[in-house]
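Quick heads-up: it's one chain on its own, the form predicted on its own, in structure tokens.
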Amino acid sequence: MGASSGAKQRRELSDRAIVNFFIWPTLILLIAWNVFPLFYSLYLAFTDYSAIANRPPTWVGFGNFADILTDRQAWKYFATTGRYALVTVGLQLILGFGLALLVREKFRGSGLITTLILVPMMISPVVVGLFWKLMYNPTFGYFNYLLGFSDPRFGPDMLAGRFAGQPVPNLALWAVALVDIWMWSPFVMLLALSGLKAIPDYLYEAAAIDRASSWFQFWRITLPQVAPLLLIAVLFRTIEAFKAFDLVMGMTGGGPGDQTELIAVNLYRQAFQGQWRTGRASALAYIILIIIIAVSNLYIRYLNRMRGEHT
């Protein structure tokens, strides 16, 4: 009895050693690649430092944060990002929910249509950006032809922010927003579709017995039941909108002028593209992080309140 228990204990210790052998190297790697840069960039946010300058960081306290928060140009980039997030997330919510309502019922070819709808979100944002950059080309792109402009002199040049040669404010921003909506509306559709599939049939049966109209069923049954998942979709897409970078850089590079200079693009320019203001860029990154955390907390608090009402 004692020998068997001792062998079992040695086997358990051996299993624990094997588990530790696999876990600890992974934890060390995660700490080295994630935690250390996080705290090091936080330190750099309080310094005057350039990654290409051959000098150590100089402590400036909250100077970088004060410069950013009092910079009118920085607030312009925040405002552009806010407009971009509001338009893209709002239309993705409407279109995604609408698509979910259309494909929730089984019909001939519904599986194929659903798969085709999901294709845009499966493609790399850089590839999508280059694809739509060609589509928007006023000379040989299909977008102007679909709008009825065969002559590039009289049609829109979306990514240049011009129409018939005249500058149009925010045209390039809306062109990028259209691509973002096309790409990520299927993501909202997936979440909404999962919520629609989870609604019990007896709720609609009871409403039909009471002769409730389709509009009443939508507002009192469908929308309240799907709302928590829609809010989760809005949360994810809002966070991604504040971090939007690869799609914008692939299409416009932040131009023309500052039309598509989102805050993430400006962060990249300060950190790497010509300026190399590492300390200021680190401070800007943490300001963006604080904004995202604040917005996320608002969404989560409202989501928890909504779940409490329906449970």
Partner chain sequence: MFRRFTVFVVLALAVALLAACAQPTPTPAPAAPAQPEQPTPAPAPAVKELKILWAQWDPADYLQQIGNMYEQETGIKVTVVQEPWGSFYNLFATEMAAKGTTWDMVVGDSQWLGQMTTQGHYVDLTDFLTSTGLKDSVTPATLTYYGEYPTGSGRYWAYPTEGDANGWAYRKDLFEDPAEKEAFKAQYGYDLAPPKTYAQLMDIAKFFPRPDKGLYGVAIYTQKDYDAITMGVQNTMFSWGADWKDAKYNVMGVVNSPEAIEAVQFYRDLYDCCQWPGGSNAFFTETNDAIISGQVAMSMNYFAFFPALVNPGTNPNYYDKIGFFSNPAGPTGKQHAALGGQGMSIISYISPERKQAAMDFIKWFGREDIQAKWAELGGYTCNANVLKSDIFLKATPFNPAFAETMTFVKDFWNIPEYGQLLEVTQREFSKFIVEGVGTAKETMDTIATEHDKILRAAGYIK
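In this text, rigid core is short for the largest set of C-alphas that superpose within 1.5 Å between two forms. Owing to the predicted nature of the structure, the values given are computational and were not obtained by experimental measurement. Numbering follows the first chain given and starts at 1.
Quick note: we don't show the form predicted together with its partner chain, though the next part is all about it.
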*Hey, of 85 to 93, 156 to 164, 194 to 202, 216 to 224, which bit sits against its partner chain in the predicted bound form at 4.5 Å between non-hydrogen atoms?*
156 to 164
*Does its partner chain come within 4.5 Å of any heavy atom of residue 104 in the predicted bound form?*
no
*Would you please decide whether residue 236 lies within 4.5 angstroms of its partner chain in the predicted bound form, comparing each non-hydrogen atom pair?*
no
_Touches its partner chain in the predicted bound form: residue 80 (any heavy atom, 4.5 Å)_ = no
*Find out whether any non-hydrogen atom of residue 35 is located within 4.5 angstroms of its partner chain in the predicted bound form, and reply yes or no.*
no
*Using heavy atoms only and a 4.5 Å cut-off, determine which of 60, 68, 249, 285 is in contact with its partner chain in the predicted bound form.*
249
*Can you name the residues of 41 to 56 that have a non-hydrogen atom within 4.5 angstroms of its partner chain in the predicted bound form?*
51, 52, 53, 54
*Would you say whether residue 294 is displaced between the shown form and the other one, judging by a C-alpha shift of 2 Å or more on the superposed rigid core?*
no
